[in-house]
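For reference, the chain that follows is the form predicted alone, supplied as structure tokens.
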């Protein structure tokens, strides 16, 4: 197959930042995708109706004439009550929960994911039908943080069985087992966790532009994630977790966590499915599963790729991308 067309591709976990960075990177998502779920961990985080509307307006201005629907979220706070959540229900797709300090700009997150702290808000979300999106890591040992969070996923899934819970950017093969154990658990998977391992990050020279949270893991974890998405599992969606930082910030003595993958996402995902002979499952991963899980009805956008070499630039908008300087075998038409 030399060409493939994706119907309405969606990126269900996307960071576009704000200010000049938003203006610099938005086009790399708005051109190839029909929509994306925008994460709320800006500075300051998006945590009110007014901030949702204001941030969405700035995103729409950065999108310009492209057909792209920004799906908004709000930063989880245990103080949110039923009335507030009801008032913003039509403005957001999810409430995003961050344990405090586990990733970029998460310091205002919850100190403890226990029912005494978060139960009232989650109960209101369950009644209103608002999904819960979670960055599922503890502040424990770097390579065990996701696995250490698994009992919390189980507690929440059992305690709120009608609440849709999205395990974001899963990276550990042990997390996969929960998908079929609880009906209300779903997951997003990134391109970098499907293709990059710890050896790529620091096996030779340290490559700061591959540093992210959750950190990339072993080849066994990568292979398990590949098997999951290539199989066409109906509870798994594509979410890039594309997270731009200026080059100087990534290459500093205190380098920021986050991989900027937006310019290479469709090319990289298509290449992965093509190499494994699983192009028939591509549409579900890139769009259909998300539309079903979130009950979305986005405006149709057909995006065609062709089998033609694409050389990834060293920088886009002052940000070093995933696969910088490498050649991919598929290009956007």
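Positions refer to the first chain, counted from 1. Predicted, not measured: the structure shown is a model, and the values here were computed from it.
The same protein also has a form predicted in complex with a small molecule, omitted here; what follows describes it.
Q: Give a yes/no on whether residue 237 approaches the small molecule to within 4.5 Å in the predicted complex, heavy atoms considered.
A: It does not: once the small molecule is placed as it appears in the predicted complex, residue 237 has no heavy atom within 4.5 Å of it.
Q: Does the 4.5 Å heavy atom contact test between residue 222 and the small molecule in the predicted complex come out positive?
A: Contact check for residue 222: no, nothing within 4.5 Å of the small molecule in the predicted complex.
Q: Report whether the minimum heavy atom distance between residue 104 and the small molecule in the predicted complex is within 4.5 Å.
A: Taking the distances in the predicted complex, the answer for residue 104 is yes, it comes within 4.5 Å of the small molecule.
Q: Residue 212: heavy atom within 4.5 Å of the small molecule in the predicted complex?
A: Answer yes; at least one heavy atom of residue 212 falls within 4.5 Å of the small molecule in the predicted complex.
Q: Heavy atom within 4.5 Å of the small molecule in the predicted complex: which of 41, 267, 30, 289?
A: Looking at the other structure, the residue within range turns out to be 41.
Q: Counting any non-hydrogen atom inside 4.5 Å, which residue from 147, 71, 257, 163 sits next to the small molecule in the predicted complex?
A: Flagged contact: 257.
Q: Can you say which of 125-133, 112-120, 243-251, 76-84 gets within 4.5 Å of the small molecule in the predicted complex, counting heavy atoms only?
A: Selected range: 243-251.
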